[in-house]
Structure formats: C-alpha cells, structure tokens
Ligand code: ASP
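This document starts with one chain, in the form predicted alone, laid out as structure tokens.
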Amino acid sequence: MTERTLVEQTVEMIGQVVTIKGWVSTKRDHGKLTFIDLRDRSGTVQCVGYQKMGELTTESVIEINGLVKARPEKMINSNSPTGTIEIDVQEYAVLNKAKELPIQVEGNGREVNEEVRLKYRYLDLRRERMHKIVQLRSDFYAALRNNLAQKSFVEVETPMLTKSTKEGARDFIVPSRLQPGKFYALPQSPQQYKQLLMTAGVENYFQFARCIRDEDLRADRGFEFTQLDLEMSFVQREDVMSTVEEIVKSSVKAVGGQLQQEQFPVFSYQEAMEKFGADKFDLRTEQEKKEGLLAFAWVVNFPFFKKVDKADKAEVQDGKSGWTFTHNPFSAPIPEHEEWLLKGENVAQILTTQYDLVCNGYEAGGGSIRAHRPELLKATFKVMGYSDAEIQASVGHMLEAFEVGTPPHGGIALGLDRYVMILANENSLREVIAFPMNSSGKTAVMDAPSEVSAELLKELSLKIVG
C-alpha cells in the first residue's frame, strides 16, 4: 500500500512523487488541462491533469499520484499555504463519486436555511469555518484536560442511566424492559455522583460530562450539552474559585483567547443586580467587543431560595411549600446562615455558597460548596416542603453516604458549548456542536423524535394514550 501524504506536507516535497487523498473542492477545465483543488484535513492544493480528470465532480473523493512541482514565480498564490507548489497528476482514482449536492459547501453557509444545513450536517461540516470550530473545540478540551492533570485531578466517568431526582429541570426518562413500570432518568448533571466520589476519597475529580435536560430551547441552551464537571475535597469557596480561574485562563489562552483582565473581578449577587440589573453581564467596552476580548467575572452570595414561579411547572413540582432553590438543593449555605437553614428561619435571607462565572454576558459556569452533612441537605428539602419519607425516597442514598465520612467539598460545572461559542465568536450553540438539535428539538440528520413500533412499546409495557 502506497503511503499517503497529507496536503500540508507537499510543500516540502518538491521533486518527489506523492500519493494524496481527499475531496475535489473546485474544478476548472482549460481545454486539455484540468485544474482541481484537492482538500484533506490539513489543507488544499492545486492539482493539474493533462487530458485527464475532466469527468470529476466537485466533492468526489479521489486518490492522486503525482509529482510535486514548484510553481513559476508569477503563478505563486501567496494567499495559500501550498501556493508555491502544484501537483502534476500522473494517475488518479475515484474512491467515491459525489452526485449533485443538496447544499453547497463553499463559503460560511450562513445564507443557507438552518433546517437544511442540519439535515445535511455531514456536508455543512466540510466548510472551512466549521472545520476550524471542530478543531478549536478539540484543542480547548485538550488544554483543559492537560491543566487538570497537572493539578492532580482524576478523570472519572459516571452513569448515563440513573434515578430521577430534583435538580431544577425536567428529566428525560427511559423505561426499563426488565422491570416493567419503572424508569431510569438521563442525568441532568453528575451532581450526586461527583459528591459520592468525594465520599469515596477521590478528592480531585473531573469529567467532560454529557448532561440532558428537558428544558425550553433557546440559542444558548439545548436538551443536550457538555460541561466540564469537577469537584474538590477539603476546600472552601475561594479555593475552588482560584483553581478554576487558573485552569480557565490557561486553557483559553492556549487556543488564542484574549482576556480583558488577568484577575477575574468578584461581585456579590446584590452588587451585580444593582450595577448591571442582572447576574449575567458583559464588562467589555464596544471596542473590546470588536477586538473579541473575553471578560470573565465571578458572582457570589446568591440567595439560597426563591419564591416558586407558578408558571414554571418544574418549579411548582420542586417547591411544595412555595419555596424552591435558586441553583441546586445540594449547596451549603454560607456558614453564618447555617442555623437559619437548620431551623427553617429567615428563608428569604439565607445566602448560599454558590459562585457563578460569567463571560461576555453569558453564564460560563456555576458551582458551590456542598452540603456534606445529612442534616443540612435534609433542612434544604424541609424548607421546600418535603416530608421525611419524600426526602428519603429522593435523596436517601446521599444522606446515607453523608453518614460514613464525607469530607467538606465543592466544585463547579463549566458549560463547554458556551465557551467554544464565545471563543469562536458565534452567537448560537448550534454552530459549535457537531450534530445539534434544531430550535424545535429535532435531531440533525436523523429524524428524531420519531414513533416506535407497537412491538417495542409492548416489550416495554408502554401504551400511547391521548
């Protein structure tokens, strides 16, 4: 088998015969000469065939054997990394012929209807802009993983099939074939498992976690998302914030991100609301926005509880007493408000150890110091109106773990889709996810959600009603 050469390598191989493989980006016929631009993952190079290649169609996959030649000085293309050379085609083979394309793949694609782009996402992803985003995401993940490894974090995967519990959004549920009438839930987050890992003595945990929530869709939120989930034992709020800030700064810079401030400013929730009118805000000037700077800031000292929004069914279900949590029920209050929580007093005034990281007007992450003693977690659910039996049914496994030596701990979840969106200077999460859902929750390429067979419903003991 002839060894394949990548396009980017050909500039150093003048005078050599190479084998290159890729897609026909463009084709130009000039009588007996046919010029094509062949594209692979590393770049694009011009190939010239004498009385050959005239039948090729754009976006076909081909293999070329040819001589690498230096271009005449007047023919050099200074706008291309391979503009100093061309391939004199000796032999070629069509590996897969492309028929007429349903969408064109040159340009940035913004003029193409999004529904059509998602239907043919495998074509849309061939665009240079989309390739750069895919690479940016991969590089950012690598930088994060490297920085976490240097700080002795351990990567641990947690289950995708778990139990339905109260975490702030509706669950997607999965019927059990072997236990009819019972259901798994897909994880809204690894929140409980990562706390259990602290009980297990892992101390510094992380994972790139897939999270699934049945929430209303918008440009910066979907049913599925990816977060960098981490948790640390024997820490206070400032320890977690300092570690996360260092990791974020280093990783953002590794992929070319430029920071507005080297040290992230810290605002209390009250200060943020008074100064910006929201707990997610953009600190950049108009000039800094044009320059693409990233302005990070911390927000701390959030109210632990809020009055239930009666228009929000999930909140109504969670907050039986008329009170529900602002972030998640597993947070700890600030130390000076512990007694209030334990006694169920001054509910509106209890502050939590929650800390949010914001960037350019978006929430870029959120975490807290957790309740690691059973009485604190119980007290939170009591405030929300849960009976002892209901608390046991929902989080009894957590209470049991907290009674066998769980250390103080805290962590954070960083919304990686949003980070890549900001770094790529995009305005929609769908631009930075390989196969995203559309705005109505339909999957890209594959037609889902879809009906299933009557046989499968019967096997799962399910019946469609209404």
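These figures come from a predicted structure and were not determined experimentally. All residue numbers refer to positions in the sequence shown, first residue = 1.
One more form of this protein exists, namely the form predicted in complex with this ligand; it is left out here, but the text below deals with it.
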Of the candidate stretches 359-367, 373-381, 333-341, 315-323, the one with residues having heavy atoms within 4.5 Å of this ligand in the model of the complex is 359-367
Can you pick the one in Ser251, Thr243, Asn328, Thr353 that has a heavy atom within 4.5 Å of this ligand in the model of the complex?
Asn328
Exactly one of Ile64, Leu423, Ile433, Ile412 comes within 4.5 Å of this ligand in the model of the complex through a heavy atom, and that residue is Ile412
Does this ligand come within 4.5 Å of any heavy atom of Arg213 in the model of the complex?
yes
This ligand contact at Asp229 in the model of the complex, heavy atom, 4.5 Å:
yes
Is there a non-hydrogen atom of Arg137 within 4.5 angstroms of a non-hydrogen atom of this ligand in the model of the complex?
no
Would you classify Gln207 as touching this ligand in the model of the complex, given a 4.5 Å non-hydrogen atom cut-off?
no
Need the contact residues for 252-267: heavy atom within 4.5 Å of this ligand in the model of the complex, sequence order, or none if there are none.
none
